[in-house]
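Before any questions on binding or motion, here is one chain by itself as structure tokens, the form predicted on its own.
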């Protein structure tokens, strides 16, 4: 196929982190893009939460020239401490050494939502081929006028529901409580994943003694804890944190929300595709959520570049996107679900198996690195060239 004489066009619905990044990746791949969200820019930036980014997300941000603008806002961590609270077994994951006398490489980075959205929206405004439509309703006719429609509206996607696209899965009996807390005794470069009988607890360092806490437990307990006075909440949190770490002050209002396991059996049809949590949702254990969404964007970027170069049609893009993303999505969703089911219980046989597995993991550095590599990249693309195309 010869290169197309005109730029292909796309309508991206949803201007959260995944929608913005999808729009920017499409522009870089040679498309003209309209990015729409009924929420205003201020509302899109107002969410109080933080994300754990892996190297796959770093690679995509670097290729889109967004990593350096975000550098003042992320906090790197080079240690991840995993603890099974039922057996007190602890396993340390560390970034690989960069050379003699140098600091270890980062395991990942923690990034707050408001500065992330500010950088992404600013980058969108700077693109002449990107039309930003925020804080206004949109008709379906506008999307149908484009060559491709990308739905990136999140797990409660109204477009997916209106189109009647199936979304398989279930709601967990657990919920998730999130809060940003000032801590005493936690290293600036250490993240924690504590497996407790009621659900996993993650502590993600944001720098300056502040951390994002992601606390999974039955829904009623999460709601009760989020409604506690600050002093009582801090006492309850300190009681479950690793020894030597104390919660000193809340930095925002604790909030809880239900957790789900969801996967769309078809990630696209015709000239429409589902990107990010519009097509899948997983338990937050392991911090896979946003990274999984951005691996969607990486594949979309590669396939979109092939369209703009005349190597395939838009319908082929949609079919290839679905085929390429499903293995990574299914493997990650199954792995996170198994982790929750394996560790969120007190069955003696499973406790013994966990203890044996963690003992082996603690003694075998190659196994730790292999698991960290899998958690970092999943089964998604590991590299992009300057145009967003896999160099292989």
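Please read these numbers as outputs of a predicted model, since none were measured by experiment. Residue numbers count along the first chain shown, from 1.
Here the subject shifts to the form predicted in complex with a small molecule, a form of this protein not shown in this document.
Contact annotation for the candidate site: 57, 268 and 324 all lie away from the small molecule in the predicted bound form (no heavy atom within 4.5 Å). Heavy atoms within 4.5 Å of the small molecule in the predicted bound form map, among the stretches 316 to 324, 187 to 195, 285 to 293, 68 to 76, onto 285 to 293 alone. Though the partner is left out of this view, residue 36 does reach within 4.5 Å of the small molecule in the predicted bound form, counting heavy atoms only.
Looking at residue 15, you'd find a heavy atom of it within 4.5 angstroms of the small molecule in the predicted bound form. Within 4.5 Å of any heavy atom of the small molecule in the predicted bound form lies no heavy atom of residue 41. The shortest heavy atom separation between residue 49 and the small molecule in the predicted bound form is within 4.5 Å. Residue 154 is the only one of 135, 154, 209, 115 with a heavy atom lying within 4.5 Å of the small molecule in the predicted bound form. Put simply, of 242, 158, 169, 140 only one has a heavy atom within 4.5 Å of the small molecule in the predicted bound form, and it is 158.
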